[in-house]
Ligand code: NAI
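Quick heads-up: it's one chain on its own, the form predicted alone, in structure tokens.
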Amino acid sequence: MKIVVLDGYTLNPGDLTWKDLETLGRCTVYDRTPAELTVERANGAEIVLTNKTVLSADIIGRLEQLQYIGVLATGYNIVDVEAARKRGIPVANVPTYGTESVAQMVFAHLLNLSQHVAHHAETVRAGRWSACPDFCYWDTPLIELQGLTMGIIGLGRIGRAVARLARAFGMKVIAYDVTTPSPLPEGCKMMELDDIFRRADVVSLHCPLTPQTDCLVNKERLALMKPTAFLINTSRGPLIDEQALAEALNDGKIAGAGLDVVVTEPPVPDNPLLKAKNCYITPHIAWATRAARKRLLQVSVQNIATFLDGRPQNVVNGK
């Protein structure tokens, strides 16, 4: 069995091991694969693993030996799952590996927005505290989370984890989802979508990208938000109209944004959010703690093992 990993570097830049995968077949791991080399590198492989390397219908059709596609992530939009299904090729993802890490990043951004720890630490390093006539100083309002309202859009695993953390900080929790989960997280109240934007002090996005959620955060919904409110997105970049958000930030219509994702990744140089006021962007790393990546690799190996055993799991393109 020939196994090819097309873009393994972000999952394992050297702090994990591929040895468990190597027990399942002859394994070749590429750090990155340019689009023009995808067919050449995957040719002859029965099993192909990808994170962000696109496997289009054309590419799938040219890989005659292909029997299985593993996505080293939760999102699988980079694979033409219907083309694979027509060939009888299962496509499997890893749905649950990063729940706690992503929820943690939500609060990393929120705590940065509310207390600006990095900024104040840099001013101390620059000597400002040493020269200060007072025993302390701060450049921005310091905001206590206790009593504020966290609005969560999407109450899947990550949304529920964020609700739990918000409650631990003493926040009120309101949420929207297309269906009401059962059981509802403790202390969580369901509301209509626009009411979340009106009432929340923090809006955190945790929904999948679909035609219905594309540009869910638009000019009209941003106008509903409090001028003191924050927007957090650790989900999918296209959930937000980036030009509308940049304008809302620059005009002071909302207080700040913490984003781990943008529409085009890496961002294009003229992305308006790169220079927007009070907008803090991290390079899509909410998923990337070592613990989460280790779980991702373990489940990816398990997915292949169960496929080889005739009982595939986490298949996203079944009947």
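So that there is no doubt, residue numbering starts at 1 and follows the sequence shown. What you see is a predicted model; the values in this text were computed from it and never measured.
This next part talks about the form predicted together with this ligand, which is not shown.
Of the residues given (Leu222, Val91, Leu113, Leu155), Leu155 alone sits with a heavy atom within 4.5 Å of this ligand in the predicted bound form.
In terms of contact with this ligand in the predicted bound form, the residue from Lys52, Lys294, Lys253, His284 that brings a heavy atom within 4.5 Å is His284. This ligand in the predicted bound form comes within 4.5 Å of a heavy atom belonging to Thr179.
Contact check for Gly147: every heavy atom lies farther than 4.5 Å from this ligand in the predicted bound form. Within this chain, Gln212 lines the site of this ligand in the predicted bound form, having a heavy atom no more than 4.5 Å away.
For the chain shown alone, Gly151 is not a contact residue for this ligand in the predicted bound form, no non-hydrogen atom being within 4.5 angstroms. Exactly one of the stretches 229 to 237, 80 to 88, 244 to 252, 118 to 126 approaches this ligand in the predicted bound form with heavy atoms within 4.5 Å, and it is 229 to 237.
Looking at 206 to 227, the residues that come within 4.5 Å of this ligand in the predicted bound form, counting any heavy atom, are His206, Cys207, Pro208, Gln212, Thr213.
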